[in-house]
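Okay, so here's just one chain, in structure tokens, the form predicted on its own.
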Amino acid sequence: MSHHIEKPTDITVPPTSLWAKLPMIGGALAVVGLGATLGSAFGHDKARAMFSYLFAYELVLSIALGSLGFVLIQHLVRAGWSITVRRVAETAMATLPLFLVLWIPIGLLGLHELYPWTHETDEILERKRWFLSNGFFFGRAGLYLVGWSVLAIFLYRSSVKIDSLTDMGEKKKVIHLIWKVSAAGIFFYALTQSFQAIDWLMGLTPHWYSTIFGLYYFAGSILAMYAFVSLATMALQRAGMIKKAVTAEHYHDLGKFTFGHTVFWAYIAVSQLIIIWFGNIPEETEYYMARMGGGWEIVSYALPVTNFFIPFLYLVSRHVKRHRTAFAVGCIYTLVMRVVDVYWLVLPSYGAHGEGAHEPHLAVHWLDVAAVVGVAGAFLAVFGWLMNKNKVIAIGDPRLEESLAHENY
């Protein structure tokens, strides 16, 4: 670089900012939402409450998991442009231990209501019994949740540690260790995030086969992450932080990735549908048939338009990606569509199995809203607490100056 760029100083949450109250606000939402949802799980609405809870859990988990994937990739490719926005993703990633706790109701309360393989049997399920067994299911869940938590905590603490180091040699040692862990961690992440989607979402329809469902979930997760990180960064700037550290150049890149992963999501979704549609095998078409009646066909036909064509045409513009308000609208829309997508993945399985099984019917329930408020509130409480506890930007990263001077050409 031809000249020195001054490091930002507006890197901590002001005590008067709404960000300082976020842990309390999130905690209150968590108490109300989780209390209502899990309280209903002990009553006659147990099955409906657990489906709503799983929907909310997978929705918010996708942001945290997407953030872990983003951080791993940034370290692997030695990215410099993202330093000023990476701490937001690192903080979202660092909430993953929370999801270990939030999974307990699924394992203890909802296993029988959610997963028909736990109490039904037929020839297909018996052939899968080596995989679909309680012991192996809980063992895999423990591996995913503990592994994500350990990996996320290490990456987050290492990044925060660099902020306090003054010796460049010590900083490089920590950074090289992060790179090594990320190289191994990306394989663990790729496998476990795919298998959790198979276990916790595909398991709702245990007869169904799909070889790319894990990739479908990843595409939606990384897309939701870019939208969330962009909006959180804008919110930090509106509260008076990192005003000059994150520029239109960074939002332009975040917008390009949001646009690109919109296309990626559509590609995976269409690839999965076309292969199953032309194969026309009952075990494979069961999944889509449940979404072609009872009102769910409206969502099924709308998804390609709402989740692909509209955001594609909107985000393709360079002006939209570089204009903060316009890009914020696109990010909010992306998150809303992520809600619809995950809802479409989970709720059609409600009532489709066991005694009193019936054709899936689209009916939004108050428990769906309560569950999202509860799980999202818990996530925001931990996210806000971590943002208040440490610097909101990786101020000690040796490549920070590169990120501050970042430009698109």
Partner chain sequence: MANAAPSTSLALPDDPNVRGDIVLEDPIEGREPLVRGDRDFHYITEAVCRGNELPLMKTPSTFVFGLLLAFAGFLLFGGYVGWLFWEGPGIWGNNNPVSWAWDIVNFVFWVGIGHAGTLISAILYLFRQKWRMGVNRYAEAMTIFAVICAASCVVLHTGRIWLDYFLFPIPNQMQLWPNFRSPLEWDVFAVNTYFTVSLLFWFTGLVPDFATLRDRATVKWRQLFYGALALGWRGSARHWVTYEKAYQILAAFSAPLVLSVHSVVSFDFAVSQLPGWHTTIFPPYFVAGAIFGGFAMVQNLIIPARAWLGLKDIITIRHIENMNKIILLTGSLVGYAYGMEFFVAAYSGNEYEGFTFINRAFGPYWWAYWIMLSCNVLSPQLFWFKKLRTNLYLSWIVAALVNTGMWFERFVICVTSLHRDALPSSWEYFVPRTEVLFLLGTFGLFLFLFLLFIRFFPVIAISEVKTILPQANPHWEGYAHAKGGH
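Numbering follows the first chain given and starts at 1. Owing to the predicted nature of the structure, the values given are computational and were not obtained by experimental measurement.
One more form of this protein exists, namely the form predicted together with its partner chain; it is left out here, but the text below deals with it.
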Of the residues 328, 248, 212, 336, which one places a heavy atom within 4.5 Å of its partner chain in the model of the complex? 212
The listed residue (120, 283, 297, 163) that reaches within 4.5 Å of its partner chain in the model of the complex by any heavy atom is 283
Stretch from 236 to 244, 151 to 159, 197 to 205, 96 to 104 whose residues place a heavy atom within 4.5 Å of its partner chain in the model of the complex: 197 to 205
Flag residue 271 as yes or no: does it have a non-hydrogen atom within 4.5 angstroms of any non-hydrogen atom of its partner chain in the model of the complex? yes
I'd like to know whether residue 398 contacts its partner chain in the model of the complex, with contact meaning heavy atoms within 4.5 angstroms. yes
Looking at the partner-bound form in the model of the complex, is residue 110 within 4.5 Å of its partner chain by any heavy atom? no
In the model of the complex, is there a heavy atom of its partner chain that lies within 4.5 Å of any heavy atom of residue 178, even though the partner is absent here? no
Looking in the model of the complex, is its partner chain within 4.5 angstroms of a heavy atom from every one of 78, 402 and 405? yes
Stretch 34 to 48 - residues with a heavy atom within 4.5 Å of its partner chain in the model of the complex: none
